[in-house]
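Just the one chain here, the form predicted on its own, laid out as structure tokens.
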Amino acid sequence: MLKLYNTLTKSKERFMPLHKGKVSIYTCGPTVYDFAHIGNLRAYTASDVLRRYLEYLGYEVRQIKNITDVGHLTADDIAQADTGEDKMLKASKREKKTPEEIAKFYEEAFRSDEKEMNILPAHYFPRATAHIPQMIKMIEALIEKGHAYEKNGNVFYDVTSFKDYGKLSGNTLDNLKVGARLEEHPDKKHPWDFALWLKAPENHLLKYKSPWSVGYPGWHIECSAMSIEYLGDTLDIHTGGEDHIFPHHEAEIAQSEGATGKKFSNFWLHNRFLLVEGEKMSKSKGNFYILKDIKEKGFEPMHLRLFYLSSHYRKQSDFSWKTLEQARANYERIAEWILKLKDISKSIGVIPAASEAIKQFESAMNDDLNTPLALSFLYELITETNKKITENKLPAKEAGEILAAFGKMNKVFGLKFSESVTITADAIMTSDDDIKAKLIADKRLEARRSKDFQKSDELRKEIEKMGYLIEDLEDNYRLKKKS
């Protein structure tokens, strides 16, 4: 029985879909003005694990992940979608490209990052700019029902009209105080009213016709309009980062339920922030990393994915190069173990998954997607199995069962093990060429240890002729196939 922590109720609840056997998921996607950073990728990996486990349980999942290419202002986390510069326009000025060129480039970069991280592609990636009519229609409905008002070409949501405002975040109107950081818009009735539509200045590059003005939508209305367009008035699950809880997701609830009169989402799942060595990630601090930075340091995307899986999505995770080194070591340990099992079990056919290992895995995942606990069970299995292998006590049938069990688990973990994986002295050998290269690299390591540098150079040339690059580590090496 799957239980998920629901931010709306602040408790773990048994998951029951709206429609038997089917699950709808809306995931807040990227604003495509820059590369996704490793904190963003953690959030998307968390929603990927959710989807993978639901599919593992036999559900037919439909996942929508929006692409924000208009309307996300630089101060949306402070105010109510009416302060700051449009992030797309800011990037356009920075890179001297059109907003359309910016959106196309960074959307493609995002999709590429997700592919490298083995994140299953959403069933659809709706773009905000392609759904302006749906947003206008929803705004019209909100005005008609008394939840929104227009002034001077701007349209705002009247938060006092929605009695449940604050039920997700706890930021009810009684609790909210107008601080120095909240700038009051002259056209607002209440400081915490938020923008649905803003009249654009004449030189604004992203603007559209509406009944109220030539302008552009607020960030919050986009997700409400697109999620309802593709998943219906009520969702099974809405996911996002904890920074989205207020004001973004609170606004989505007010808009959606105000327009439809129905509950917007049954479950809200939010992942915690990713810190970097105990600090918030920031370009000014020099601790802001994207996937390219990870690869340039010699790590693979799967090392990063395993790092994400090693902490619970609802717990703050602390990234460092040391923790990523540990993730790489764990990844290579799993890879080597797979190879050993394949070697032992190759003489037999497909075997049903080992029941006890699967039972432990499912008990962990059913408890709010507890991936670190699921991995701990896997590491225990690896230790026990390796002991049997060392003692030559693992029958081929049992090896096949364990291998099949891991294959089933890995449909959820989503770890890839391919020929391009980096090979260290203790890592997996994925092909005959890998095995030959590794044997020569082992001999070269011994030559280095005995300070026979002539032999070491000869063996390096032999390895390079085979199409591999070798990097010397302190008392180890790293092999990689030439691209």
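Position 1 is the first residue in the sequence shown; the rest follow in order. Bear in mind that the values here come from a model prediction, so they are computed numbers and not experimental data.
Below, we refer to the form predicted in complex with a small molecule, which is not included among the displayed structures.
When you look in the predicted bound form, the only residue of H37, K438, R448, R62 with a non-hydrogen atom within 4.5 Å of the small molecule is H37. Checked against the small molecule in the predicted bound form, the residues K199, R111, R272, K188 give one hit for a heavy atom within 4.5 Å, which is R272. For the small molecule in the predicted bound form, the listed stretch (254-262, 149-157, 337-345, 234-242) containing residues with heavy atoms inside 4.5 Å is 234-242.
Proximity of T31 to the small molecule in the predicted bound form falls within the 4.5 Å heavy atom cutoff. With a 4.5 Å cutoff on heavy atoms, V70 does not count as touching the small molecule in the predicted bound form; it lies far away. Using a 4.5 angstroms threshold between heavy atoms, V49 stays clear of the small molecule in the predicted bound form. Using a 4.5 Å cutoff between non-hydrogen atoms, L54 does not count as a contact of the small molecule in the predicted bound form.
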